[in-house]
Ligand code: ATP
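Taking the form predicted on its own, here's one chain by itself in structure tokens.
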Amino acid sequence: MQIYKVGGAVRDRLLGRPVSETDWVVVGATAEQMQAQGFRPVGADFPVFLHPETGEEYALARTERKSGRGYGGFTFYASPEVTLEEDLQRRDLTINAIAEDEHGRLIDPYHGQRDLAQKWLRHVAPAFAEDPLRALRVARFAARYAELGFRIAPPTLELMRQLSRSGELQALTPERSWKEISRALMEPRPDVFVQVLLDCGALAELFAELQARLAGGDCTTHLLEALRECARREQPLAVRWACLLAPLADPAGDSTALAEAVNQRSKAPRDCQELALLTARFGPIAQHTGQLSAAALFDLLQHFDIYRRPERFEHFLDACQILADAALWGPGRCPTELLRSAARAAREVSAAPLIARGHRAAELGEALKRERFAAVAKVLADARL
């Protein structure tokens, strides 16, 4: 039995980056031998085990064969006869196909160190094109390492285009796609992720609605700038998702229909879905807050439940500011301080004086609403002086 450190832990150490988790591959062992040493199997059909003390993943060396559609359409073969080189050959990129033995010696049959030095994201073998998830993974790595100068090797990008044309991306489960998309949006360059999806044709397969909006014009440039600004300002995932779907806003029609369709298909978390829909509906309106009536401004605030969920409104303001700076909805700016002041004024209205005046139950609710409206109207009137 021989154990090697593999994948991201080796890659990131060579890049001088922090190593967050370590994966291991075991050559020359059986599942029975692993369990006899206290390793716990992760699943019945997958030769991966958890270390009894560290909890790190140890996988038996294996090969794989395409047997169906999608990410899960593979048959794995694990055996003591499978070599380290055979196991490394099934990996996606050469920079992820480097192993390290217990003495720190590197085993690099596919020249991953050379590609690290030359800053190439290059596939290991033609079988790369059998796994649709790899189009998303490579785009994510491009977003992670773009600022180090990494770019995708042209032959690898061509295989990604083949994957997009094959229809295999449609076979990915929404949950698996979302895992890659959400991680990519949180990388240092989420704009690079989207650009790569555009370049290889994957965006049209995953988000046809967004692809249609980005076709022609300057919308792509403005969206990419907004996503890059999200990373610069270290925005949370919900803000980045809202900015990604912002081009789907349609002030002339149902402003949220397209965003709702993408939300449902992607299985995004609830907070991401809600903020994306609110931004699509009210973002373009917010850029013209100074021209709104007091009633329209108050209605906007009410939709955000600013009294119980003030943080969601703050995220909306962050998204609107970024989108305005990127001019995604045309020239203009988002008067975030006016919106913030109006929300603060509404929240500061106390129910205590109204109760003291004898208001109760539904009558109290209506009185509170009137007072809050008056507070918002005053803020708006003062801003116009």
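For every residue, the number given is its place in the sequence shown, counted from 1. The structure presented is a predicted model; accordingly, all values stated were derived computationally and were not measured.
Same protein, other form: the form predicted in complex with the ligand, not shown, and the subject of what follows.
With the partner left out here, the ligand still marks one of 267-275, 214-222, 113-121, 90-98 in the model of the complex; by a 4.5 Å heavy atom cut-off that stretch is 90-98. In the model of the complex, at least one heavy atom of E21 sits within 4.5 Å of the ligand. Residue contact check for L198: none of its heavy atoms lie within 4.5 Å of the ligand in the model of the complex. A residue is said to contact a partner when one of its heavy atoms sits within 4.5 Å of a partner heavy atom; E205 fails this definition for the ligand in the model of the complex, lying far away. With a 4.5 Å cutoff on heavy atoms, R281 does not count as touching the ligand in the model of the complex; it lies far away. Out of the listed residues A129, I306, L133, I152, L133 is the one that sits within 4.5 Å of the ligand in the model of the complex by at least one heavy atom. With the partner removed from view, the residue among R137, R240, H315, R189 that has a non-hydrogen atom within 4.5 Å of the ligand in the model of the complex turns out to be R137. For the stretch 1-21, the set of residues having any non-hydrogen atom within 4.5 angstroms of the ligand in the model of the complex comprises G7, G8, R11, D12, E21, in sequence order.
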